[in-house]
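We give structure tokens for two forms of one protein chain below, kept apart as structure 1 and structure 2.
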Structure 1
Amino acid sequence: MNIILFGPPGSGKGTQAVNICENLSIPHLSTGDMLREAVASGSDIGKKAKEIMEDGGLVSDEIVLSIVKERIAFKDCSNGFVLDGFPRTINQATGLDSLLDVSQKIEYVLRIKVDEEDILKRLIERGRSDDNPVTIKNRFKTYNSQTQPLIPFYENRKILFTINGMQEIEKVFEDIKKVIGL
């Protein structure tokens, strides 16, 4: 099963991705994690990504598509995968389409819906290095302008499912399981 987890920063995508992946024994592909690894390793990609991430902006589609392309070609993705934090722009979504072959169709785009004020609190409590108020504000801005347009994009394909993210972690997961038939 190929799944996209979609939602604003701090919506709990990462947590739910782990739950789904454990349940289905498929890999968790988080572009945020991949980029943080690149930054930590000091690679060329990491050097380019570091400041942008600290600013709350988006790393270029070209870079992100190249790391996803490489990762998705691994054998462990042949039985499915969960994409977390990707695609984040229409360009990434169309880029993803061309990376996938016919047998790798995205079946579910799970949109975790939350309200911004509550998330702000959540993110500040989480305390990752990009979880300071200025960066968080920018990440929301970026989300609203660049990532939100993916909602109608996937709605048109009839694969978008909205999950109420303002519930206990377990309850959110229950709702996800209902949608994907687990």
Structure 2
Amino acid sequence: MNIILFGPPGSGKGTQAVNICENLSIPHLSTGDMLREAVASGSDIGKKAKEIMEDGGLVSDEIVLSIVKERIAFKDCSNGFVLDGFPRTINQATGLDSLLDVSQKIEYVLRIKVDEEDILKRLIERGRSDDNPVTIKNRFKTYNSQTQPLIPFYENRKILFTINGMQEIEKVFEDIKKVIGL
């Protein structure tokens, strides 16, 4: 089963990705983790990514797609995977489509929907250094401008499911299990 999980910062994507992966015995693929692994491995793609990241730039879609393509070719992805934090844009989504073969098509796109004001409070309370109101609002703004266009993109394919992320963690997971048939 191939799943995309998306939602704004603090929506619980990472927590739910772990729950899904444990239940389905499939890998959790975070593009941030994959980029760090590629850099650490010293691969050609990793070297390109490192150079860009060290200059403070955003890694191009081409590089991110190459890293995703490399990773989903691993044997542990043969029964599926959960993509967390990718795709973030229409360009990345169409690029993902082009690199997946028929047996790897995305079956579910789970959008964890949350109330931004409540999440703002939750993130500030958890007290991480990058969780200040200005930074959080900027992350929401980026998410909304880049990722919101993916909603109609996947709705048109009838694979987008919206999950209420304002519930207890266990209830959110129960709703996810109903959608994906666990």
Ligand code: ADP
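Take the two forms, superpose them, and find the largest set of C-alpha atoms that agree within 1.5 Å; that set is the rigid core. Just so we're on the same page, residue numbers count up from 1 along structure 1's sequence. This structure is a prediction, so every number in the text was calculated from the model and none was measured.
J.: Please match the form predicted in complex with the named molecule to structure 1 or structure 2.
T.: It is the first structure (the form predicted in complex with the named molecule) rather than the second.
J.: Once the core is aligned, what is the C-alpha displacement of residue 45 between structures 1 and 2? Give it in Å to one decimal.
T.: Reported C-alpha shift between structures 1 and 2: 7.3 Å at residue 45.
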